[in-house]
Ligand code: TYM
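One chain follows as structure tokens, the form predicted alone.
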Amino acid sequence: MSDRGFVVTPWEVKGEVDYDKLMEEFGVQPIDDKLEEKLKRYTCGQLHPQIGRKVFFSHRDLDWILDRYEDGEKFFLYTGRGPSGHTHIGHIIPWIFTRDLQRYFDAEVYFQLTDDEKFLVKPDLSLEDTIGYAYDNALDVIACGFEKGKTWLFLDTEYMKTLYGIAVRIAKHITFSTVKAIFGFTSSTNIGMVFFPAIQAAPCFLPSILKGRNIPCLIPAAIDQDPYWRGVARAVAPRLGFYKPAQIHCKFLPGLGRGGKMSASQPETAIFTTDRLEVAEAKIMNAYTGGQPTVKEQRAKGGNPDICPIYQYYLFLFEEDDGRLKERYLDCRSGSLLCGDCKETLAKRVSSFLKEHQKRRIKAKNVLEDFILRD
């Protein structure tokens, strides 16, 4: 754990994250009222729930890319997934937001599956493992409802003929001392990881190269991935003749245990899209809460939804109505809402969500090839 009390890197998130400190450290801007009003012009006059509830909370150059759009210059969306296991609900939070941005702005989506990175960074995974997980995760991406013909998924190891030409142009302008300072690489870091930042930066410029014109890029992603863009892609973009990619960052959905984000390494604290419904429901019913030890104490003292992962599930995804969300918050505080009842309602909603997602996931197998970019 760092002296700031939490750790946030592209490969590890630990502790209770102070997002204000993180914004200051990373040098990003909060999404303020002025920018929210600007976004509402394109989101049917209503803030997207993930914006209004500060799930997506900070940015780089989001105002710039909206100005370009107002001037008639369309942008593309770039996000991705490091396929080290099955998809959990924390992973799909930014995907759902990206899907909605695609609809609002009629944008193409380029989705990178970094099977190479996870092979390089995870000692227990073979390349066959990460490739397998990449195709498995791709089904979840498609099941989120991205538009066919405007959404392109690619595995690094299978699309490398195209990516490599962009990556080496980037790599030529990035020194080892730079990536060492950004990512904490040491003399024992394998050379694949040292080069990988250039590969993850490459999709920022991919459509511009494929289409032969400079196209603005917006990256919706969790804030732990920010170092790739601020220290690599944005640094080299002017030298390569491209726009700097803009970013919009989301927070981490907490795990169902006490503290920390949802993690596949602690499966009992994560709801996977492939979980059986009864398994997902049991995880929720056994989850940590911000409530009191007994019903009597809960009635007398109330609970603390601010530290409760169950409440965060409602806030991130499972309560559409802001009024009902506020009511749930206040009822928890007052003690009129018991943790068992709150969990039971959430378990039913998550189960319903998974049931429908898993149906779409099965259908996605039939159209998978329509979404995959190949060299």
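The structure displayed is predicted, hence computed values, not measured ones. The first residue of the shown sequence is 1; numbering continues from there.
The discussion below concerns the form predicted in complex with the named molecule, not included here.
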4.5 Å heavy atom contact with the named molecule in the predicted complex for all of 48, 319 and 329
no
Contact stretch among 298-306, 91-99, 270-278, 237-245 - heavy atom within 4.5 Å of the named molecule in the predicted complex
91-99
Counting non-hydrogen atoms within 4.5 angstroms of the named molecule in the predicted complex, say which of 215, 194, 222, 209 makes the cut.
222
Just to confirm, with a 4.5 Å cut-off on non-hydrogen atoms, which of 289, 112, 130, 151 contacts the named molecule in the predicted complex?
112
Using the partner position in the predicted complex, report whether residue 79 sits within 4.5 Å of the named molecule, counting heavy atoms only.
yes
So in the predicted complex, is the named molecule close enough to residue 117 to count as touching (4.5 Å, heavy atoms)?
yes
Looking in the predicted complex, any heavy atom of residue 179 within 4.5 Å of the named molecule?
no
Residue-level contact is defined here as any heavy atom of the residue lying within 4.5 Å of the named molecule in the predicted complex; does residue 205 satisfy this criterion?
no
